Each structure stands twice: as C-alpha cells, then as structure tokens.
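Okay, here we've got a single chain as structure tokens, the form predicted on its own, with questions on binding and movement later.
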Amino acid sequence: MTSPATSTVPRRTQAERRESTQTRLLDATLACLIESGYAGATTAKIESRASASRGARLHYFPTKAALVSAAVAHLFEGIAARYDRAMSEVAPDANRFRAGLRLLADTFAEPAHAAVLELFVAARTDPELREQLRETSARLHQLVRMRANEYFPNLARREASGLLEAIQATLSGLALRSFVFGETKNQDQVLDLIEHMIETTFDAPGSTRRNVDG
C-alpha cells in the first residue's frame, strides 16, 4: 500500500529570508519606539521583539541610529501606500484637495508619527542620529513631493513649494500638540484655513477644485 503524496512547502530563498528579517526588525523598532520612546527602545528589546539575533541586526543595521532611521523610511513608505489606496477611493466628483488634506492630517495623527517627531528632537544632540535622519528626511520630502505632483500638481510647482512645506509643518505642529496635550479642538478650523489659503493663492472662484485637484 502506497502512502498518499505529501505536499512540500517551497523553501524560501536567501533574499526572501533576508527581507523577512529586515522587515521584522523594522516593524519591531517602530513598535518599541511607540511604546517606549527613543531612549527606551534599546536594540536588545528590538531584537527580542523581532525574534532576531544580535548578529543579524548588526549585519543589516550596524548602529541604533541606522536602525531607527531605516524604520522611519519603512513607516513612511507604508503610509504612502495607504494614502494611495485611500485617494483611489475618493469619489470622482468630490473635492480631492479637501479629501487629500484630511487624509494627510490623519496620517500625521497616527501614534507612529509621535515616535518620528521624538526622533527628530533627539537628533538635535545626537550627531550620528542627525546624520542618518538627514538622508531619510530628504527621501521623505521627495516622497511627499511625488505625491503632491501626482494628486495636486499646482502644489508641486516651484512657486508653490513654500506652501507645501507650510502645510507639512502645520500638520506636524497640530499632531505634536495632540500627542502632548490631547488638544484637537482647533484642527478643523486650521484645515479650513489651509483650504482658504490654497483658494487665495490660486485666486479664482472654485480654484481649489479646478487647479489643485488636477
């Protein structure tokens, strides 16, 4: 009597194992940063949470600064993907700038963003972290500009670049106040004011819908 054929699970390639280990480390880093802050997110705690050895962590991320910087980039790549999905579900006849602005505000309000803000504050007195985050920050700005160019071309123009920077800075400030003091009462008014600024900048009735929405 022959035994039934048994199915075998394909073995993962070395590249797949490497990617899996890195992703676990980055996800664990973000979780530890959210729970414990930068000072409390030790590499030993991150390694334990990721079920990764110290040697594996050192191989991919030789320093804590390199690890947290990579985790920030990993976080924002995920946010960008979720933003794209959400924007694809906005009704064709909706005010896309209004929808996009509020979706962006929601991403700034995520707990992970609080951890990111804390990292940038810590970088003030940590030269290694500051240098790592400088490169990551440049990549993030490029990511934001790509999305602005795709969804709201007028905001990506050279003459409107300051306005785009102002929007990001405003949303970061609102998020920081919310994280520290739990204050969100004025957020809608601020977002309405940003919309008004856009309409004034492009100076035409209904310009938010026609020019900014693309």
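All residue numbers refer to positions in the sequence shown, first residue = 1. Computed from a predicted model, the values in this text were never measured in an experiment. Throughout, rigid core stands for the largest set of C-alpha atoms superposing within 1.5 Å between the two forms.
There is another form of the same protein, the form predicted together with another copy of the chain; it is not shown, and what comes next is about it.
Colleague: Would R147 show up as a contact with another copy of the chain in the predicted complex if we use heavy atoms at 4.5 Å?
Modeller: No, R147 stays farther than 4.5 Å from another copy of the chain in the predicted complex.
Colleague: Can you check whether L33 is within 4.5 Å of another copy of the chain in the predicted complex, heavy atom basis?
Modeller: Flag for L33 set to yes.
Colleague: Using heavy atoms and a 4.5 Å limit, would one call S53 a contact residue for another copy of the chain in the predicted complex?
Modeller: So S53 does not count as contacting another copy of the chain.
Colleague: Within a 4.5 Å heavy atom cut-off, is A73 in contact with another copy of the chain in the predicted complex?
Modeller: Close contact is absent here: in the predicted complex, A73 is far from another copy of the chain, nothing within 4.5 Å, heavy atoms only.
Colleague: Which pick from A80, L117, A109, A86 sits with a heavy atom within 4.5 Å of another copy of the chain in the predicted complex?
Modeller: Selected residue: L117.
Colleague: Taking only heavy atoms into account, state which residues of 167-199 are within 4.5 Å of another copy of the chain in the predicted complex, ordered by sequence.
Modeller: Residues within 4.5 Å: A169, T170, S172, G173, L174, L176, R177, F179, V180, F181, N186, Q189, V190, L193, I194, H196, M197, I198.
Colleague: Taking the rigid core as the reference frame, tell me whether A123 has a CA displacement of 2 angstroms or more between the shown form and the other one.
Modeller: Superposed on the core, A123 moves its C-alpha less than 2 Å between the shown form and the other one.
Colleague: After superposing the rigid core, is the C-alpha displacement of F108 2 Å or more between the shown form and the other one?
Modeller: No, because once the rigid core is superposed, the C-alpha of F108 moves less than 2 Å between the shown form and the other one.
Colleague: For V72, decide whether the Cα shift between the shown form and the other one is 2 Å or greater, given a superposition on the rigid core.
Modeller: Shift of 2 Å or more: yes.
Colleague: Note whether the distance between the C-alpha atoms of K64 and L143 decreases (closer) or increases (farther) in the predicted complex, against the displayed form; the change is 3 Å or more.
Modeller: Those two alpha carbons end up farther apart in the predicted complex.
Colleague: Closer or farther: how do the Cα atoms of K64 and R139 compare in the predicted complex versus the shown form, where the change is at least 3 Å?
Modeller: Relative to this form, farther apart in the predicted complex.
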